[in-house]
Every structure is written in C-alpha cells, then in structure tokens.
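Below, in structure tokens: the form predicted alone, a single chain.
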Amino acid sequence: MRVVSVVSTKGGVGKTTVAANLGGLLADAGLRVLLLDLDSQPTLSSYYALSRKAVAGAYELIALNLTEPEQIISETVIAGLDLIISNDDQGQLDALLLHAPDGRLRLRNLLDKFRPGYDLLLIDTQGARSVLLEMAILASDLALSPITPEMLAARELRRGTLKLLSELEPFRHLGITPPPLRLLLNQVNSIRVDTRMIIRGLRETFAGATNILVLDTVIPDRVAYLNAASLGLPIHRIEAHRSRERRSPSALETMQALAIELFPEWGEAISTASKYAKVR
C-alpha cells in the first residue's frame, strides 16, 4: 500500500480538491483507495456521498487506535473509494498527540492494519503547522504539496512546508526517513505574466534538489473543478474531452497525467480510467 499525504502549511491551495479528484480517478482506474481526512474542517468528508457511513472515524483511529474497518471506514458512492471521515471538530487530536509518547508516529504504527485491503492511502491534512500534520508526513511514502502560483504562496512554501520537512530530519536517527516532496502547481492561470514568472522561478529553484521535485503536470484554474465538487463527482467524469474553445488538456487528461507522474507503476491502469465507471 502506498501512502501519500497532501500537505501545505498554507490554507486555500486546493489540498482537498486534489485529494478528492486524485482518489476518484485512481478508484475508477480499478485501484483500491482509502481517503483519510485529518482536517478539522472536514471538506473531504463531505465531498462524495456515502453509501455506508461508519459509526466512527479519524478521531477513534488516532485517539483510541481503533482499526476495525466496519467501525471506522465509510464507503463512498464511487466504487473502490473508501473514506475515514474527519470527526475531530474540536481539534482535540493535536493536544492528545502532543502529550502522547508515540504522538508523531502513531499513524505510522497503525498502517499495517490497512495494507491488505488497499493499494493507496491518501491523507488530506490541515492547512497549518500541527502535530497532526507532522504525524501524517512521517507515515507517508510521499508528500504532495499543491502550490498556487502567487508570491505569497511561494514564500509560505519555504518558511512553512519546507521548514517543517527539514525539522523532521532528526527522525532519520530512528530509521524513519521523511518522504520526498512533490510540488504541484494548482489553480494556474497561464495567461498572467506574473504567474509564468513564478512558475519559472519555482522550477529553477528546485532544479537541482534531490528530495524535492516540481511536477510537470499543472492543474489549471477552471470553474469545472467547482462544478465537480458541487455534484460530488471526480472532475475527470465531468470534463473528459477538450472543449472546442481551448486547446489545453481536458480534466481527464490532466488528472491522468498527474496520477501517472506520481504512480508510474500504475500507468497502464490509469490510462484506461473511464468517466463511465459505475457507482455503487
């Protein structure tokens, strides 16, 4: 089972949208995907309708070490896509983990319970520095950070997300290597000159980095993503073809390109993902 956390210390960069649509595409590609919502504002938990809602969720998983699938895993209407809902609306998990001996390693220590049932665990996180965010990163094989092409977001990346990852380096002494970071340019308006300059600057900045990569895939700023969220469907089912007015890739092509960049080992399945996948 691959474990990917969608992270950023800055809110509003589109973490939940990326997690929901990436999970939906991979499920339509035939993979078994589990979403874990660790954001106290549970947007991912309400993105897809549920065909079966579990009695418990992320709070019981982290606070009580509850791993029984029937109790904590809900099923979405997207076949192959399951969800552990966020139910920590009071933000109690951060305080609990801060004082727990295994706080930052708790999720990592629970993952073996889920490996037989899923190909991918996709974690949506808070848009702020927290013990919960550090826990998610240390449990992951890969960290995916959406970044909007604006100067404030670029500055926050360095003083927030990158600083956080550097401060997790001491865990190497415990045999735990912080995951490589993939930067995803999101909500991009390619017409603006300043946008192109910021993108070029980001690519040049990390061109020689060993553990950080700016992905080739770029997600455009389109109203179709908002429409998909309103309908509770993955974007690739809403926009499967290029419009006559635009020459840019369709949402299906964009999400397939992103998924193949992240998971080349699943490339053949991803390339055949269909917008006509059946619901439960």
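Bear in mind that the values here come from a model prediction, so they are computed numbers and not experimental data. Numbers follow the displayed sequence, beginning with 1.
Keep in mind that the form predicted in complex with a small molecule is not shown, yet the notes after this line are about it.
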property	result
Partner proximity in the predicted complex: Arg222 to the small molecule, non-hydrogen atom cutoff 4.5 Å	yes
The small molecule contact in the predicted complex: Gly127, any heavy atom under 4.5 Å	yes
Contact flag, Thr17 vs the small molecule in the predicted complex, heavy atom cut 4.5 Å	yes
Residue contact check: Asn186 to the small molecule in the predicted complex, 4.5 Å heavy atom	yes
Contact assignment for the small molecule in the predicted complex, among Val55, Leu64, Ala49, Leu226, heavy atom within 4.5 Å	Leu226
